[in-house]
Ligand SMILES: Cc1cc2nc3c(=O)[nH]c(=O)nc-3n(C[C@H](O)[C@H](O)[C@H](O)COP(=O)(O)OP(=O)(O)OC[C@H]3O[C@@H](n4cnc5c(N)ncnc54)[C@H](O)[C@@H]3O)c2cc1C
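Below you'll find only one chain, the form predicted alone, shown as structure tokens.
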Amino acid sequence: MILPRFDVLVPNSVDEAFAMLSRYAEKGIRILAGGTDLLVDLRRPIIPAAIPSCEGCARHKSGSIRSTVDCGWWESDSSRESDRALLTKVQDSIHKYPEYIISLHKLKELRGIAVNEKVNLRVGAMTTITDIERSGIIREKWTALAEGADSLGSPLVRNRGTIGGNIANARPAADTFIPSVALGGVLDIHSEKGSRKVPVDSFASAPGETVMEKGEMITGIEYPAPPEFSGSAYYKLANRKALEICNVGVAVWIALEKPGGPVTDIRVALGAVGPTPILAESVKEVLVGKKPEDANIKKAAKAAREDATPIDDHRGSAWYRSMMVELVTDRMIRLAVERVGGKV
């Protein structure tokens, strides 16, 4: 793996990290939590995304040649440099790399899983996916989040990766992002200037883009206490069981008046079928106030399918993804209802 040059900063406190983010914001800075996504983002591609075309020069006399080096360099002093150095210059002109990386590995206060006096769950941003996967309280009360952790990457990735990093990357297929939307998670975002809370479902603005501003950092995620007779479920549909990005991810949280009674609230989050995770609001319109019976669940699953906006790519067609949204949503609603103690 070829990485660009950067300096690593290691803060000893959260306040020092905020100060570093503010001080170096204009020079380009990235946060290193687990590093499982960051190193992939930073690596230089062997072949640039855009290869320039030469219409004719001393090196390419015939012209109409696509070259990984800027032909003008061959006629200057840089012609004495190696091909690798020239290729690096082209790649750096295409990709904007940060000058500084802030490693948060010393900030233990950003780790941990706790339930507060309101019975809300708080997970520190630096909490590893493995810690979430192994948490008994999360698996019991916020089951969809534990199931998202189960399906993320591999044991090695889960041991290093963090929930804050997984959400901050704003990938529409992120395995803890999708359940966090369904569970009504709220992000704690801090900077030198202060703090604010942002609902997870409004955090991403585009693939890899978020509402975070320069100098800000996620410090934790809070999930509301699950009411009585509520349950959740998450399923990742992928081409293989490990180290794979999902084709479709569906997380469901549902609350019933009582086991077998009508639905009082439901949140269905869809992943990998839009530029950001989608909160399928149409499902709520179909199911709330009605019993989770077979016909109603089928209507709700179709409504989720209509809310999805999938595209064709190498992992599957838009048509296939659309059909799978309906199928998986149907199954996850039924599973969530069963976990509440209801029957379908």
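Heads up: residue numbers just count along the shown sequence, starting at 1. All of these numbers come straight from a predicted model, not from anything done at the bench.
If you look for the form predicted in complex with this ligand, you will not find it shown, but the lines that follow are about it.
This ligand in the model of the complex: contacting segment from 217 to 225, 247 to 255, 139 to 147, 260 to 268, heavy atom within 4.5 Å: Looking at the other structure, the answer is 217 to 225.
Can we say Gly153, Arg160 and Lys236 each have a non-hydrogen atom within 4.5 Å of this ligand in the model of the complex? Looking in the model of the complex, the three residues Gly153, Arg160 and Lys236 all sit within 4.5 Å of this ligand (heavy atoms).
Distance check, Val200 to this ligand in the model of the complex, heavy atom within 4.5 Å: No, Val200 stays farther than 4.5 Å from this ligand in the model of the complex.
Can you check whether Asp307 is within 4.5 Å of this ligand in the model of the complex, heavy atom basis? No, no contact at 4.5 Å.
My question is simply whether Ala300 lines the interface with this ligand in the model of the complex - judged by any non-hydrogen atom within 4.5 Å. So Ala300 does not count as contacting this ligand.
Would you check, heavy atoms only and a 4.5 Å threshold, whether Ala173 touches this ligand in the model of the complex? The answer is yes: Ala173 has a heavy atom within 4.5 Å of this ligand.
Which residue, Leu121, Ile132, Leu187, Leu104, has a heavy atom that falls within 4.5 Å of this ligand in the model of the complex? None of the others qualify; the residue that does is Leu104.
Thr36, Ser282, Asn296, Thr276 - the one with a heavy atom within 4.5 Å of this ligand in the model of the complex: Partner contact (heavy atom, 4.5 Å) among the options: Thr36.
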